[in-house]
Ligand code: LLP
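As structure tokens, one chain now follows by itself in the form predicted alone.
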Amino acid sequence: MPSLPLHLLPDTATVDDRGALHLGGLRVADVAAEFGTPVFLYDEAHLRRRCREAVDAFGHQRAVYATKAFLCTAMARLAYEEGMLLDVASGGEMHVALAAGVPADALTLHGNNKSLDELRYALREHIRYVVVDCDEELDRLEALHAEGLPVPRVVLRITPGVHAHTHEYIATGQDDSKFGFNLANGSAAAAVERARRSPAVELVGVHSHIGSNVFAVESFARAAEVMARFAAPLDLPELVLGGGLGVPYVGGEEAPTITEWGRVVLDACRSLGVTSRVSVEPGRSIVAAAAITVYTVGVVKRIPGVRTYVAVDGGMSDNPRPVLYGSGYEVVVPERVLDPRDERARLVGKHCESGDVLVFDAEVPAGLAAGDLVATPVTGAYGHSMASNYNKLTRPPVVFVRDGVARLVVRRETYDDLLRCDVD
């Protein structure tokens, strides 16, 4: 088999004459030696370029970074510095963004079941707008209005009935969805009328999101068309068309660039005469390909005639996507990037689960052994953000690399951290 498809690596990745991988001007093996493994290693220049690409494609503060993909204070500051707003989907995400120094007016609040406390927090901070998902949420905002809290600007989330070709757990635009007001059955129109009558909210726009990791730009064009036709007679200043742009995870996959996505979406809106301010919410396409996760091999178990298992020092606790969605990844050996990958193995973690799999059928160089480093590219989205302490493993650190400097932005958890919430 050929060596790793190098286009899956972050922008500044290079390979030296000995076949060793460098990122941000640093040898990956050296960074792993300094910070230990597992470690999330992010190319900061890649992050900034993708943020700038989104802003160039859609306009200043019309690209809203979906923080659920990856959030820490350093990432929040970076996205805001590059001209993006930030979409937060919980009180916790809002708290992190505010702690990073992002102004409340640059935050938008999502979620299908926002609590009274979360809404109260958002209103007190005067965030940019709340994306309202259901009638119960309007009830809660009216209750908060009765408490004397500020009237928030709101955008109504609409389910447009557009099915995106992606995993069923991350498809959100079809009629059968837990998100939003249904367009087909009249709920969306009724919500608009209610919001317009209510003294508790200021209706400024409508919103849709059809799913995550979507490769087909025509799906976005269809959603834009449906939403534009719904929004046109409302004459509202904001039209938010969500995120969901996919990225390649394995060799042979292709996805549109952010620039191509922007051209399709904005052309569709222009052709339909949209005059609203059009914004989008990229997350995965900003951060996914910016990072690799580096592990150390602990056990290589070769079962003749059956399979080879390569067990590493992380697993489903730092990347649950293969378990949740059957997601595919490639494997790179950072010190042997250009070697032919002529053996097959299952890359597994150290958890007490047979389902603890990172790569189900990996192509790897021959002779992997305990102590070797291996890495999975395209792990910048939904790795750190979905990580857990299953089996009481401590969550890995996050390191940004840029111009020959490695910067720790999230430290590794310690065993004492595992006890911090215990009260007895």
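Don't overthink the numbering: it's just position in the shown sequence, from 1. Nothing here was measured: the structure is a model prediction, and the numbers come from that model.
Although it is not shown, the form predicted together with this ligand is what the next lines describe.
From the list 279-287, 188-196, 121-129, 263-271, the contact stretch for this ligand in the predicted complex under a 4.5 Å heavy atom rule is 279-287. Although the partner is absent from the chain shown here, 66, 243 and 386 each have a heavy atom within 4.5 Å of this ligand in the predicted complex. When this ligand is considered in the predicted complex, residue 58 lies well away from it, no heavy atom lying within 4.5 Å.
Put simply, residue 110 is close to this ligand in the predicted complex: some heavy atom of it is within 4.5 Å.
This ligand in the predicted complex comes within 4.5 Å of no heavy atom belonging to residue 336. Not displayed here, this ligand is approached by residue 321 to within 4.5 Å at the level of heavy atoms in the predicted complex. Contact annotation: of the candidates 213, 317, 293, 159, the single residue with a non-hydrogen atom within 4.5 angstroms of this ligand in the predicted complex is 213. Contacts of stretch 84-101 with this ligand in the predicted complex, defined by any heavy atom lying within 4.5 Å, are made by 87 alone.
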